[in-house]
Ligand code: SIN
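A single chain comes next, written as structure tokens; it is the form predicted alone.
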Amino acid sequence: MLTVEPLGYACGARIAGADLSKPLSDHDLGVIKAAWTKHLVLVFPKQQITPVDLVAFSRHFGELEDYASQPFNRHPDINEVMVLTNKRTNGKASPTYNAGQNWHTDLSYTIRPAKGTTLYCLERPSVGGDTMFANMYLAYETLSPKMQAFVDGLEGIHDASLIQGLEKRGPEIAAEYKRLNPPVIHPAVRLHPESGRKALYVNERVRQFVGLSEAESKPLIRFLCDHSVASRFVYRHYWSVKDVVMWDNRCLTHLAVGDYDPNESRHMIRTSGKGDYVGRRVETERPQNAARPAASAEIAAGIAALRD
């Protein structure tokens, strides 16, 4: 029997009684999905799973990302699994040794940003290396009505070049990362399809807002980012080896805290669910006075382009 124990006010719950190495019943999946919608971050402690098990579990929540937009550290045999590690290979640093160390939403710089992420901890440093999650429902709902009305009409330009530490991964990797991930446009506020709540969709990888200059956008982005990660909106997860943690990228930002000895291993594997929303490239942006097509037509066109 599964039990759900809240871990924080803003978000986070522990699921006890689940063995993710085995098939889950429809009842247990229903409990997990309901808890995910309510708590946004779920922790499954003491799991003994393989990369194949991780993929099988993650597929219950939708189609999986194959990481074509960031192929540098995919699992050697399974494209749907990303290896996040600071371990060196052949004397070289891993391309993900410093991944996630600014507040972000996974793959927001892609045209179809991640729906959810599931991360399995294989090794952790003796101290530090936590992950912090911020509830973007609360970030939006605590804005003043006038600010809500203003950001409701904004679209952000998400830029992979703003990934903190990207240039430290080497010029070839940085250049390829940018080539594979040209800037994309997403709404600054998104309506969650399951909860029906609005969530702020702005993070430290947003360069500017469409229709505003960078100079005009910068202080607003800074305000929204600072506001969204206030301590009352945040759950901090202290990793244990064998934890599986899954979170909802549609209503959260998160930060991999780099407060650990880099000589100690932090080694994890990850899956990401493909998003249920499609944005657009900056280079296809229409003139300001051009009519915008209906959302359904725009999404259909974006999905068709992904399939081509």
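Just so it is clear, the model here is predicted, and its values are computed rather than measured. The numbering used is simple: start at 1 and walk along the sequence shown.
Another form, the form predicted in complex with this ligand, is not on view; read the next lines as being about it.
**Prompt:** Are all three of H104, R266 and R270 close to this ligand in the model of the complex, meaning a heavy atom of each within 4.5 Å?
**Reply:** Yes, because H104, R266 and R270 each have a heavy atom that approaches this ligand to within 4.5 Å in the model of the complex.
**Request:** Choose one stretch from 52-60, 248-256, 275-283, 27-35: the one whose residues place a heavy atom within 4.5 angstroms of this ligand in the model of the complex.
**Result:** Correct option: 248-256.
**Asked** Should L84 be classed as touching this ligand in the model of the complex when contacts are defined as heavy atoms within 4.5 Å?
**Response** Yes, contact at 4.5 Å.
**Request:** Check whether P125 has any heavy atom within 4.5 Å of a heavy atom of this ligand in the model of the complex, and answer yes or no.
**Result:** Residue-level check for P125: no, no contact with this ligand.
**Message:** Can you tell me if L119 lies within 4.5 angstroms of this ligand in the model of the complex, counting non-hydrogen atoms only?
**Reply:** The answer is yes: L119 has a heavy atom within 4.5 Å of this ligand.
**Message:** Considering non-hydrogen atoms and a 4.5 Å limit, does this ligand approach Q148 in the model of the complex?
**Reply:** No, Q148 stays farther than 4.5 Å from this ligand in the model of the complex.
**Contact residue in the model of the complex, from N79, N73, T131, Q164 (heavy atom within 4.5 Å of this ligand)** = Looking at N79, N73, T131, Q164 one by one, just T131 meets the 4.5 Å heavy-atom criterion.
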